[in-house]
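Consider the single chain below, provided in structure tokens and representing the form predicted alone.
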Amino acid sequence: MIDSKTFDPNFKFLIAQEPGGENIKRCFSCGTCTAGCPVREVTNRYNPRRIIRMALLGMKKEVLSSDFIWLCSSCYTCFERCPQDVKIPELMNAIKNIAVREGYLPPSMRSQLNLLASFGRLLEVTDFENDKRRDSGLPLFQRRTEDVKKILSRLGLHREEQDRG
């Protein structure tokens, strides 16, 4: 059940201030974006018209915490067909940026942050890889994560990942 008391009437203005979100209030829910969306053909979870409508209504938590905002493939089919010049791929990026700032990350991004914090890169470099590098005359990879952890902490991402597990 959706509680309208939790709606944030300023959410649309927050999105409009974000680069790419300027034209959100132009949308009048014609559905042209949804009709041509290739992602929508694959899954019903992604519906640009519904996402924009939810954002305009102020359903901030429901939009930012959802996994469907991350499904846009940025193909620009929706924008090419939009009669109101709403750049939906850029709008989705604006919403994603707000989501990340507010601590709503998709599982894949959480995994990548955990890898960065653990190894300083997205892939673990083991002794096997370093042995191959040594045999090829390449410098060995050092496991230095202090700088990466500092960056993630300053962004508010490292601590958050530890809390979430």
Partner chain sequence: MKNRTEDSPQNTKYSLFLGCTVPVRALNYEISARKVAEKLGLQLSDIPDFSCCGYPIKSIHHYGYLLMAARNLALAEKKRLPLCTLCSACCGSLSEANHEIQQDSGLRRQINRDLSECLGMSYEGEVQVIHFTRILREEIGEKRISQQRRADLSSLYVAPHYGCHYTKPTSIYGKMEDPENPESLDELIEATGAHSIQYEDKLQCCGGGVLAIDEEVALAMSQKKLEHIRAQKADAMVLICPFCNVMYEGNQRKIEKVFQKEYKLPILYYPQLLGLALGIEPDELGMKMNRVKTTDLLKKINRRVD
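All values derive from a computational prediction rather than experimental measurement. Residue numbers count along the first chain shown, from 1. Just so we're on the same page, rigid core means the largest C-alpha set that superposes within 1.5 Å between forms.
Omitted here: the form predicted in complex with the partner chain. The next part is about that form.
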item: Interface membership of residue 86, the partner chain in the model of the complex, 4.5 Å heavy atom rule; value: no
item: Interface membership of residue 129, the partner chain in the model of the complex, 4.5 Å heavy atom rule; value: yes
item: Touches the partner chain in the model of the complex: residue 31 (any heavy atom, 4.5 Å); value: no
item: is_contact(residue 19, the partner chain) in the model of the complex, heavy atom dist at most 4.5 Å; value: yes
item: Residues within 4.5 Å of the partner chain in the model of the complex, restricted to 27-61 and counted by heavy atom; value: 38, 39, 41, 42, 43, 45
item: Rigid core superposition, residue 101 Cα moves 2 angstroms or more between this form and the one not shown; value: no
item: Is_shifted residue 65 between this form and the one not shown (CA, 2 Å cut-off, rigid core); value: no
item: Yes/no, residue 141 Cα shift of 2 Å or more between this form and the one not shown with rigid core fixed; value: yes
item: Direction of the Cα shift between residue 74 and residue 121 in the model of the complex, where the change is 3 Å or more; value: closer
